[in-house]
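Just the one chain here, laid out as structure tokens, in the form predicted alone.
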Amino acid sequence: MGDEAVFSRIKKQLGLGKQPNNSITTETDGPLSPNIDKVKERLNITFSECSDYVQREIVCGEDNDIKILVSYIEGLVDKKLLNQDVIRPILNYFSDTDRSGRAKSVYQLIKECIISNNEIHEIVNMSQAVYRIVSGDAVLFLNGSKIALTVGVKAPPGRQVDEPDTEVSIRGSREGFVENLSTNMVLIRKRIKNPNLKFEMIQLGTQTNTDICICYIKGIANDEIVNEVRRRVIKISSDAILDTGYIEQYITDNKLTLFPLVGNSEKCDKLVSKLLEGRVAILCDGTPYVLTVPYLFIESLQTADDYYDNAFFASFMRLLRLFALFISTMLPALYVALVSFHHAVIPFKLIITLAASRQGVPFSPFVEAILMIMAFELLREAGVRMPRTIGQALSIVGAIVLGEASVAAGIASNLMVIIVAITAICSFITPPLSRTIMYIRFILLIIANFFGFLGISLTVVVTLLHLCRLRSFGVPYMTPFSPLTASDLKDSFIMVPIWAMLTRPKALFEGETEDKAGIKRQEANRISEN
């Protein structure tokens, strides 16, 4: 999808292809009119009722024979830069009445000699001009010329680079992506100083014309995956693309699964590591979240800190996250199944404790668990939606007060409050799967209430079979466990030292030769002690 497709889309949405009810007869899909008055009138029609559209006509020269129209959107351009690089040099240059010996035309003088800005492009039709104006560039129309010039003086409002709140790191970079696409590209380029780092620009959204960037490292990323990403992104047809979440829903392999098949991150160092493994990133202007594909299940248990720390500690933390994933998903359902069906499995002393804690509770264990988990989810959602300072206090105080009041009123048992609290804590340890775990937790609770351990076991088996069938851009979701890839187990639940990771994940290079340069990460040598 090139610029022509974007320009034709803008022309269609803005009605530039229709003949207006006035004397203007210039075809908007043809060359620009050399008459600056007609261009000005056409722009006024196009941007009618747009209070932020600004145009300035400059008349200069010895006989006032040079007319230039400068058009831009207020707020999207740096006025100081526009005056310094464009308007002031033009006025100063042509204020000199001695124009003898100037062999170049006015257009050539402005383009080659006068304007000091490095970002200058030529446009030849009105569709291109409109697109450049709404994108934040200043466009110069010269009387008598069928070619206009765009000058890069963009200054869109936005926040500065800061540490992301959603992904906190103990060690490593504190820089996170922002809403400006150019800034995000610079943050990546700063870490990968390699001409093989490629950025492909695409515009999506018939109304928004949002800039989308496909990022990968040529020679490392699998060409088949890059082509598939490009094909799926270009295929998107929508009025608006406001966030990478829109793109994720269009390009995911299975749109009905609860498990995430496309990764996302706000951290620059995390994304760079994914690119160096052979993955492809998708950036969107207006959002700090960057997508990465293919995305595997094991990535939900990995963090950037794992690679900065000792391999033994990182392996222990990954096993701890796996245990937390099991607890947050299964613990309430196991409790309900034990109390409702499998009393013989519970030790006698624990049965006495359970009976004492449940004395006076009017609800069954299933209803009790549903009420307590729903209360926790409500508190968590309220804490997220409230202002940050109020939300933290609401979550903490609300959970304490609600737990104590429920036990005192006889609505819930002490043990149930403990189980829900442990489940809630464990659910925060694996953020990428938090929403998926919430759904599976409720499903397991319902099945445990009717079928006990048998229903839980069957549900777990069906879920594992579903996971083994999932694919992310052609790569099995459960890699390296299904199918088993022994060389990729080095970075799974147990992590080997970074110097021992000699190859990149082979699952990302399926179908390519083993001796391809992109698969090999480093040589098998290490500095040893003397």
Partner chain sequence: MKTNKLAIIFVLSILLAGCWDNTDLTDINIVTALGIDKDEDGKIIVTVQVVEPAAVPLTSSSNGGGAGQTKPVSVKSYKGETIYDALISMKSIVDKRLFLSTVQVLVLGERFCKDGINDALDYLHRNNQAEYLADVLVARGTSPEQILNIQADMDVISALYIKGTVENTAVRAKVERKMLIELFKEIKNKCRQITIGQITKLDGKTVKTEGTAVFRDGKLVGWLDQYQTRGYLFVADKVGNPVISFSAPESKISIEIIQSTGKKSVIFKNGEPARLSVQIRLEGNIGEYIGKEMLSKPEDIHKIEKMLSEEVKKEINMALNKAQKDYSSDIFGFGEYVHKYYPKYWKKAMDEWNDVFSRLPADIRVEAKIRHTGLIKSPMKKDE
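Everything numeric here is computed off the predicted structure, so don't read it as measured data. Residue numbers count along the first chain shown, from 1.
FYI, the form predicted together with the partner chain isn't displayed, but the following is about it.
S.K.: With heavy atoms only and a cut-off of 4.5 Å, decide whether residue 205 touches the partner chain in the model of the complex.
M.R.: Residue 205 lies outside the contact set for the partner chain.
S.K.: Do residue 71 and the partner chain share at least one heavy atom pair within 4.5 Å in the model of the complex?
M.R.: Residue 71: no, not in contact with the partner chain in the model of the complex.
S.K.: Using 4.5 Å between non-hydrogen atoms, is residue 107 touching the partner chain in the model of the complex?
M.R.: No - in the model of the complex, heavy atoms of residue 107 and the partner chain never come within 4.5 Å of each other.
S.K.: Given that the partner is absent here, does residue 59 sit within 4.5 Å of the partner chain in the model of the complex, heavy atoms only?
M.R.: Output for residue 59 is no: heavy atoms all beyond 4.5 Å of the partner chain.
S.K.: Pick from 271-279, 127-135, 456-464, 109-117: which stretch has non-hydrogen atoms within 4.5 Å of the partner chain in the model of the complex?
M.R.: It is 456-464 that comes within 4.5 Å of the partner.
S.K.: Answer with one of 315, 340, 84, 169: the residue that has a non-hydrogen atom within 4.5 Å of the partner chain in the model of the complex.
M.R.: Only one listed residue qualifies here, and that residue is 340.
S.K.: Can you pick out, from 143, 257, 414, 183, the residue that has a heavy atom within 4.5 Å of the partner chain in the model of the complex?
M.R.: Exactly one listed residue reaches within 4.5 Å, namely 414.
S.K.: Flag this candidate site as yes only if 155, 159 and 176 all have a heavy atom within 4.5 Å of the partner chain in the model of the complex; otherwise mark no.
M.R.: No, the candidate spot makes no contact with the partner chain.
S.K.: So which residues in 419-434, when you check the partner chain in the model of the complex, have a heavy atom no farther than 4.5 Å from it?
M.R.: The stretch 419-434, when checked against the partner chain in the model of the complex, contributes no residue at the 4.5 Å heavy-atom cut-off.
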